[in-house]
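Only one chain comes next, encoded as structure tokens, the form predicted on its own.
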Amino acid sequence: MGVVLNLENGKRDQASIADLIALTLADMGRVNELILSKAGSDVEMIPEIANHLISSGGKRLRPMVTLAAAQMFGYFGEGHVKLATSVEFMHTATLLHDDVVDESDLRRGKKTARMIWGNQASVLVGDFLLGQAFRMMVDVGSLDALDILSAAASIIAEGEVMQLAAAKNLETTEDEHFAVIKAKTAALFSAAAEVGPVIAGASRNDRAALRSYGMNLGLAFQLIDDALDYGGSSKELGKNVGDDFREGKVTLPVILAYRRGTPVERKFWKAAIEDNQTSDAALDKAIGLMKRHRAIADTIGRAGHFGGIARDALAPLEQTPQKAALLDVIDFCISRVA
């Protein structure tokens, strides 16, 4: 299975991470082989469901970040391939679980596993992939790497519960939303970046730099996703535009539009988000209100802010091809909405 990229935005996106792809190509080949091997099982439904999502065209940014971060500090062993595969399995398990919680119908333009095999099977296969991820972490033999990734798994689960508790709550603050996406999305980016220098035996400062890079990259990535749900296309998203709106998710564009809206506009948001009045006409109105109050533009601006912090985190490190490629990832993530 090769590395698959979303090329719907044309050559711009391909070029922006071309160096990362080239630097990690050989290692990603080994990661892909390991993915296929570890997703296998005598229980027929497990590889069917796992491969349905694994082969559906994800960019595999997280494992590529792990591989590049390990290479950056001169690592030449086997452990980074297993850790990168663990990261991808953790991500895939999260997607399977997310689709059940969110009752999503589409993922990367295809029917979600839950729509084909049901919620129970999707959750259980996600659990299987998490188990395989932890087995590979143990195989690597790095307690620090195991600690980082296991902590991330716990934080991601906490983020899911936080989001569930805040569902349809229009009084959610920016800080509260950032806490959710920091846990749900950024924690895994952070762990994926940090285990690279860990496996390479790099210094604490180097580890801290990659940890901060990954955390802020993840925040920027998720904020752009939030913006794309109202300002993108189905091809860009791999799901229906407005899915967050239909599911009553209180993301940053909603928070900003609601806070800045008139009393009449706030009544609209309450009807839409709290009372599920989410017709196509209501979605059009929501997008219009977001544009009126610069909610989408300011969400993109916040993403740019975190992207700048990610860039600054790597600034003190020695200039290497891997460092340049990791900086390109920041631009790639933010340019998706351009």
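A quick note: this is a predicted structure, and the numbers were derived from the prediction, not measured. Note that residue numbering follows the sequence shown and begins at 1.
This next part talks about the form predicted in complex with a further copy of the same chain, which is not shown.
Asker: Only one of M45, A271, A297, L283 gets a heavy atom within 4.5 Å of a further copy of the same chain in the predicted complex. Which one?
Answerer: Contact residue from the list: M45.
Asker: a further copy of the same chain isn't shown here, but in the predicted complex which of R246, K182, R114, H97 has a heavy atom within 4.5 Å of it?
Answerer: By the 4.5 Å heavy-atom cutoff, the listed residue in contact is H97.
Asker: Do G77 and a further copy of the same chain come within 4.5 Å of each other in the predicted complex, heavy atoms counted?
Answerer: Taking the distances in the predicted complex, the answer for G77 is no, it never comes within 4.5 Å of a further copy of the same chain.
Asker: Would you please decide whether Q71 lies within 4.5 angstroms of a further copy of the same chain in the predicted complex, comparing each non-hydrogen atom pair?
Answerer: Q71 lies outside the contact set for a further copy of the same chain.
Asker: Applying a 4.5 Å heavy atom distance criterion, does S154 contact a further copy of the same chain in the predicted complex?
Answerer: It does: once a further copy of the same chain is placed as it appears in the predicted complex, S154 has a heavy atom within 4.5 Å of it.
Asker: So in the predicted complex, does S150 come within 4.5 Å of a further copy of the same chain, heavy atom to heavy atom?
Answerer: Heavy-atom contact with a further copy of the same chain at 4.5 Å: present for S150.
Asker: Only one of 121-129, 216-224, 258-266, 198-206 gets a heavy atom within 4.5 Å of a further copy of the same chain in the predicted complex; which is it?
Answerer: Heavy-atom contact with the partner occurs in 121-129.
Asker: Out of 159-176, which residues reach within 4.5 Å of a further copy of the same chain in the predicted complex, heavy atoms considered?
Answerer: In sequence order, E160, V161, M162, L164, A165 come within 4.5 Å of the partner.
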